[in-house]
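What follows is a single chain, given as structure tokens, in the form predicted alone.
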Amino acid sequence: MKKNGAEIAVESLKREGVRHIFGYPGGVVLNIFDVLYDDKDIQLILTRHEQGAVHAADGYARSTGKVGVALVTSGPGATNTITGIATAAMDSIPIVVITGQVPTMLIGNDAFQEADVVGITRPCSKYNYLVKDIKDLASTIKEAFYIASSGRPGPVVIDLPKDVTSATAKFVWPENAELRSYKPTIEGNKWMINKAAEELGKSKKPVIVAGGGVILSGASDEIRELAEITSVPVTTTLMGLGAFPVSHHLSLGMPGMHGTYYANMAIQESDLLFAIGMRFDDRVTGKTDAFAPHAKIIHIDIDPTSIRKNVDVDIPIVGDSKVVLTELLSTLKEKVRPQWTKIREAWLKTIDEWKRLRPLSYQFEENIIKPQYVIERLYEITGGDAIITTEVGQNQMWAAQFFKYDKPRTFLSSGGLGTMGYGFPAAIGAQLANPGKTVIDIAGDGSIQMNIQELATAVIYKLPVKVAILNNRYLGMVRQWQELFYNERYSHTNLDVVPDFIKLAEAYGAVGLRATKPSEVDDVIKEALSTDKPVFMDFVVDWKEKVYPMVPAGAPINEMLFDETEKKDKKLKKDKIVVS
């Protein structure tokens, strides 16, 4: 029996286990939407903007490990997805975005709502397709999911002309996706793994740097076992938060521009840096030629193009983090020596002293809410049992610093692209995928307005997402840079008109709450968590507060700013502790 293209597309998605699609209708995808109207297995979540649809699919994917799916129409519908696709690409998130296209005979004629989706998305997707023949549709969808979820994950775009969705053909589902030119390396080189084990065994001041690849490959247990049997401290990048428990005594927290003092100092003083599933982003390394100057570097990554791209590496290992670490642990267990703990005793004592000297901190005040205090109270009241999404800027960094992530897939944030407006729709996707979990978007008053229309989506689908707005009436991180490096010339960062978020939430049918002093913070959080509706929590916070520590752009990561005195003196303070 023959099916039309729309039916083949929907049936193919079901074969891939898809149960939710985030999307927005339009003329050239009406055939697909018409099939979905009667389908009982797939629920389409109608977002209020195509960018919101892709971010929601992204949050769905990050929180579950499954491929997220978005479906939009042609022209502006497709171009509105670009920011979401680029966000997923930078952070290696598996999503499939299906865009409508004008009929094949009109492609290239500047037809109504035509856009060169393949050309536009080529630089910001892992792969893309223009389906011209209905006979290729099922195999294309099979390949798209395979490419999106294998190797280094990423977004795949399928551009689907309207006439292909209306044409008919016999449905043939390929059981396997075989691409001759696409063969990701999964197994690591055994000689290199043995060499890594030898270096790890003899180093006195090693540090593990765990990135987002650890979470994507499901290697969190292996990282913990590696750290514990070798007594090696672990720092996790922004994308790697949750890969190693922050509450663990070997945790160094996050490194880099707004990382912990002790993580940055440990990296700079280390003799061996073991990087796993991370790409040495400039926000982590600071000045690259001054990064980890005394260390040999081992780098595990499934993407060979990420190795030696930014930082020179002594022992490169291409492969899946979980597979490579399993092999490495097997090798190490044959060599485990009690003296490993002893030879690293001085190193761990030094790190403990760094932790004592400069912990993450802020100055609490009785009559004004500090944003860090809000994050701390969210952590304490939830017991850390929540999925946190963030927007971008100061809210993102405070969420990374002051909420303790002990499990993978509990911190969802736009790292590589730094996308304002990401957190709220991502929280919607995560909430849909995890209906029994508390999901909180930590936002700024500027960033929440980027995709605030998705509050309608949360209300209609009864998704009890909580949004903690750190309302400082500024574009906070940009203002911080203007204060530190531009002589306090606040050019267009003061948000003169900030909406009444309580009235706005109520207008959408959600709940709005506000705290203006510290004594009100707990009550607002507890009331928000007690309701099964979406909630905007408006925390009016100190507008002057900045994110510290801070490494100025282009400086080594051990040259950190900590307070106003150092800013005014125009000095970069560098504390040194002698490591014996």
Partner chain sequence: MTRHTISVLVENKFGVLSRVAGLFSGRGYNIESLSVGETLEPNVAIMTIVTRGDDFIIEQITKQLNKLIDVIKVQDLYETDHVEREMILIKIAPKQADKAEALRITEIFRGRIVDSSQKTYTIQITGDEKKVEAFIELMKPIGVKDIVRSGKIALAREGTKGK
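Numbering follows the first chain given and starts at 1. Remember, predicted model here, so these are calculated numbers, not experimental data.
If you look for the form predicted in complex with the partner chain, you will not find it shown, but the lines that follow are about it.
- Shown alone here, Leu495 lies farther than 4.5 Å from the partner chain in the predicted complex, counting heavy atoms only.
- In the predicted complex, Asn189 stays away from the partner chain, with no heavy atom inside 4.5 Å.
- The partner chain in the predicted complex comes within 4.5 Å of a heavy atom belonging to Pro304.
- In the predicted complex, the partner chain lies within 4.5 Å of some heavy atom of Leu179.
- Of the candidate stretches 417-425, 296-304, 257-265, 456-464, only 296-304 has residues with heavy atoms within 4.5 Å of the partner chain in the predicted complex.
- Checked against the partner chain in the predicted complex, the residues Arg344, Arg473, Arg377, Arg152 give one hit for a heavy atom within 4.5 Å, which is Arg152.
- Here is the short version: of Lys195, Lys135, Arg308, His248, the single residue with a heavy atom within 4.5 Å of the partner chain in the predicted complex is Arg308.
- Remark: none of the three candidate residues (Glu269, Lys404 and Lys407) comes within 4.5 Å of the partner chain in the predicted complex, counting heavy atoms only.
- Residues of 110-143 that come within 4.5 Å of the partner chain in the predicted complex, judged by any heavy atom, are Arg122, Lys126, Tyr127, Asn128, Leu130, Lys132 in sequence order.
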